[in-house]
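Two separate entries follow, structure 1 and structure 2, each one form of the same protein chain as structure tokens.
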Structure 1
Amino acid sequence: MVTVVGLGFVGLTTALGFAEYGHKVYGIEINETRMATIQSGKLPFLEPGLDEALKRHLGKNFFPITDWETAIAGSECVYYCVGTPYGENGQADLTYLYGAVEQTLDVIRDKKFRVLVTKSTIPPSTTEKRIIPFLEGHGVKVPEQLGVANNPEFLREGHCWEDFTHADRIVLGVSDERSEMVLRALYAEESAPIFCVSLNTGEFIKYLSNTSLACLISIANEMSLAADVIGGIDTAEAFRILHMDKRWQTGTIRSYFYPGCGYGGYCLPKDTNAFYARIKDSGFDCQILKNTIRLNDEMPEITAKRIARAAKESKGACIGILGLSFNPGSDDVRDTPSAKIIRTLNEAGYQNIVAYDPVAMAEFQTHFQLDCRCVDTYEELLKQADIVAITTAWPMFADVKTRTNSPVVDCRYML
């Protein structure tokens, strides 16, 4: 039996994934609205496949409950899938993680061996230098009483269920045999290769992955800016032809080596910052990573300037923003480039902005107070806009040039 703490994108996927393996899973979520939605059998966000999994397992193998004591008493593993947002100086903020671990310790009443597993993304050495001392500070003997481990998650939003059920590899950061056995048993049904590595290596692999992807995006963006200053270059065509090279043909990695208006979402921005801060703490100033972050931070302003130029710097022009989620296929607007671009335009004096997104408008309006009116339909946006900017590469926007005579700024190079 497993308890999963935090039922967001990662937690709900993990809980239902373990339920699919046949385990009994308790889910704990602090956000009452999110919990009530899940308990009623609905998803709190858009994730293909996860809705069916919830219907299959709710009340059978998956029990979202508020009673920590029942959940922890019955569980051999406790999975932490809480947020690890931006902290001071870009460092990962572990407040939610510590809070959840503390809530776990508060309800342990027996001597049963359990493994506390962090699935949240945490910088290398966090388990060893922070979580274990935190537990020891609460009088826990590690690993005699409780095991600790990490199990980083590599899923992509919009593909959570597919990525969990067809994982490429499972990474387990463990430092004692007993915990390793418990975790291997948990993943007994998994066909992907399982790698048991040191605690630090487990954490490092996750950041290695996100940093590499972010670097690819930033170098692609830098090349698109280089193409702009040289002139006479069809950037989208150049990248598509580059991708014909068989070395770029396997998997979806080429989608990261493609220009756009900067990476966003919950993971890459905060994880690159946290990793940079963590490495700097150890005395090494990573130049490539630093410039990857710097360029990404500049992309909203660069993109806003492109849009303003298309509007001939006319502050009264109606700017139509197509796409608000950070990626197509998702309604997640955390750290979405669209918000930063609209904010930059607002600050530059552009207040006449309309926006449309097929799924993310409600989320966007909840998270951001910007001078921007959401319109109900794609058609309505095209009717109102003097200039149209594609900021999220939803496939439905591919026909935009056939539907409007207004100038189109293709910030995602999708046309």
Structure 2
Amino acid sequence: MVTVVGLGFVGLTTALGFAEYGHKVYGIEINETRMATIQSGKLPFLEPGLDEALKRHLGKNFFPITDWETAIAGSECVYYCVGTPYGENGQADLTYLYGAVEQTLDVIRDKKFRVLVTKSTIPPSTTEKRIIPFLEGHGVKVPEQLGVANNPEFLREGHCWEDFTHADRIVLGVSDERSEMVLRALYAEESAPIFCVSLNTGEFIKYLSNTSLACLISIANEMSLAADVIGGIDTAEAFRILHMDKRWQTGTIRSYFYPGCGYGGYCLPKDTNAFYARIKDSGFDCQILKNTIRLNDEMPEITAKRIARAAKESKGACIGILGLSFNPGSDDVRDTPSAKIIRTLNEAGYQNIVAYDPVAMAEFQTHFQLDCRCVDTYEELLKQADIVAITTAWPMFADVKTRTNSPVVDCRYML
């Protein structure tokens, strides 16, 4: 049995979705007009598919009620789907969430273990640093008495029911096994992959999703403004042709949307800089493009500092660099991040550096004169290195942690 607090787009979809699984679900909504509409069997907003789900489950598996005590008493999970608006300084306002949690605590009359689950969007570390201390401040022992978790939603308005019933992934931010078991049982009928991650990771994934979409919209808008100042460009046609790139069609474009050491090679560094210069000459300063270039220029130093920290700032440590080409599957070393990282380490006083790449070592040695010696094999590098850093995501490096006891810095996030 589940209680869902807040019956807006997310809450009502969640409540009816759990009812569709066969669970008994109580729904609580403080807006009297909205609650009366739902109790009458009608939707308070337009959302295709949800109207039929409400007709199917109202009074059978779904019970919208105002009695908090009855709802909470019978529930193993309490889901919070209340508003978390942002204030003047941009920070999330948790007033409604705290209020809902407080009302929950006020009506608990037994020692039954329950999981309090935040489905509202909350910034990373909110559960860990704000909600758990809030509960403990009310005398609750977490997770002995109550479990806490987050379960971010990925619902599009106009497609909420479709997105819930045909989810592409379920994310559960949990910190104890008991809560995880309860939530896995809740989703036992779900065929989508379920990922149980840390509390912070669960919250971060939702923001990663939304900020990524926001950035895509903004860079598209910025490029349209650049086209306007240059002139003579059919912007709509240009974007339609861009979308014909097979990387968009097949989904392989996602390989570009992944953290690493920065972009390299011949085209991206050259073209982003040239285009930014051209737009600026036309009187428009593209902020997203400018900061894209700035961050990429900073990534070698940022990455070198990560490697130095792993070496405990010991200048005599032997640092092993795995990968010299800018991309796996190529021997192209033009503007490769690996060279910039090695140069940055050299400048910081690290001279004992060994490197290995399955195909690019000859090219690298031809183009760069650095304090770095190349070794003939992957095995030889692992024997010599006190610290190993992956700087090119060659698949053969995926087993590195099973082959060395030295610290591994995964600069390409491939492990």
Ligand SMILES: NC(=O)c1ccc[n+]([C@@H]2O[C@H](COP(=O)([O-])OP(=O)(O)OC[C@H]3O[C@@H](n4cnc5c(N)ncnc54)[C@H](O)[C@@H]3O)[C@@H](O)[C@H]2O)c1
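Source: prediction; values computed, not measured. Sequence positions of structure 1, starting at 1, serve as the residue numbers. Only residues modelled in both forms are compared. Rigid core: the largest C-alpha set superposing within 1.5 Å between the two forms.
Here the chain taken from the form predicted on its own appears as structure 2, while structure 1 comes from elsewhere. With the core held fixed, residue 52 shows a CA shift below 2 Å between structure 1 and structure 2. Annotation: Cα of residue 315 displaced by at least 2 Å between structure 1 and structure 2, core superposition.
As a two-part rigid-body motion between structure 1 and structure 2, the smaller part of the chain turns against the larger by 179°, taken from C-alpha fits. Fit the two forms on the rigid core and the C-alpha of residue 250 turns out 4.9 Å off between structure 1 and structure 2. In sequence order, there is one run of three or more residues whose C-alphas all shift by 2 angstroms or more between structure 1 and structure 2, with the rigid core superposed, and it is 250-415.
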